[in-house]
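So this first bit is one chain, no partners, the form predicted alone, shown in structure tokens.
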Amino acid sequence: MNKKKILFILLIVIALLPLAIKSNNFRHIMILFVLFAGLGEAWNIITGYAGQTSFGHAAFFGIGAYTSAVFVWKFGILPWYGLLAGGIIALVVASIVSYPAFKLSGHYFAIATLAIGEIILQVFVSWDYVAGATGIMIPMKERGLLNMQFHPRNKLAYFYIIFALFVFVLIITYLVESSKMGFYLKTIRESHEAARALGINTTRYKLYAMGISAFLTAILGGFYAQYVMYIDPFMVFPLSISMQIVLLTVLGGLGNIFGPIIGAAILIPLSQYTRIIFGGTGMGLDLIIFGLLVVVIACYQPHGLVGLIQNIRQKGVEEDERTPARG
């Protein structure tokens, strides 16, 4: 079965699960699962395909969230325009800050993205125009798809909005992966020097990858703001969001479209249910368990769970080939 068919079946299963299980708590977890799977796909473009490790993607998530919130809060503009505007602003910011950062390589680039994320957090904490550390409460509007506001218990409507955005992110990721740009990015990932020797403008394509990644991340951040109805800088810009994106993608498998989906399917239910079961006493337990999983995977299967599944399938094929046919 090829990748397209597997992905299509997986999407159908994800789409039907909230209909089969009608618990609002389960639907909330499904919303977060799809949201973070989408964030992982967006991050995968710059890190999994282009090989440029970013620890500052929470900055783009927060920019998208704040743009969407400000559009509704200050101007009464539909949040859908805020999602698009947030994506464009994040793309521009990513291009401006990434150009000098791309002069660095390896862990120096990763540290630079971490610093950029923290700088943007502090800017929003001190920025009176967006209410600083107080945060923004999104005003109630007429309920419906247009305003992206529904009854608080109507999680199903929110789920299908984020599911549609997730499908959009998947399509863009798939197009990038299978295009000429995707091959260029993978060449840059394997050897920057070899890519330049082949005539690839490495800086340009890394900027393309970062811009697309930031755009998609910000759109998802815009949805998050409309879903929770209140944001402050510490909710949407924290390092913990960047780390969750990194961890779930690494666990699932870098540079593979299935990796973030698998990683999010483990991390998000784990984090939510440990909080439900242990309450305040379980804070951080999910990250401890998840960190141990990542360490084990990194030591024994660097390509993540996707690589493990591929190895098992390959061994099965080899055993079938060695088994003599019975006439």
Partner chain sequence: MKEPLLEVKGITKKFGNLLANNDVSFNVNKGEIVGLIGPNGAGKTTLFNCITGMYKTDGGQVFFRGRDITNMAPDRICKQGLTRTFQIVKTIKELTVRENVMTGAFLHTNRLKEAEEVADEILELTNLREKAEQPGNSLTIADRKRLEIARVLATRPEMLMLDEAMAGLNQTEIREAMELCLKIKREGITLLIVEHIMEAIMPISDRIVVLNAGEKLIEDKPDIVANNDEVIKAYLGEGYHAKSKKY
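Residue numbers count along the first chain shown, from 1. Treat the numbers as computed from the prediction; the structure is a model and nothing was measured.
The following text describes the form predicted in complex with its partner chain, which does not appear among the structures shown.
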Quiz item: Does E190 make contact with its partner chain in the predicted bound form, using a 4.5 Å heavy atom cut-off?
Solution: yes
Quiz item: Would Y227 sit within 4.5 Å of its partner chain in the predicted bound form, counting heavy atoms only?
Solution: no
Quiz prompt | Touches its partner chain in the predicted bound form: Y184 (any heavy atom, 4.5 Å) | solution = yes
Practice problem: May I ask you to check whether M137 falls inside a 4.5 Å heavy atom distance of its partner chain in the predicted bound form? | Solution: no
Quiz item: in the predicted bound form, which of the stretches 114-122, 214-222, 173-181, 86-94 has residues with heavy atoms within 4.5 Å of its partner chain?
Solution: 173-181
Practice problem: Check each of M243, I200, A164, I77 and return the one that places a heavy atom within 4.5 angstroms of its partner chain in the predicted bound form. | Solution: I200
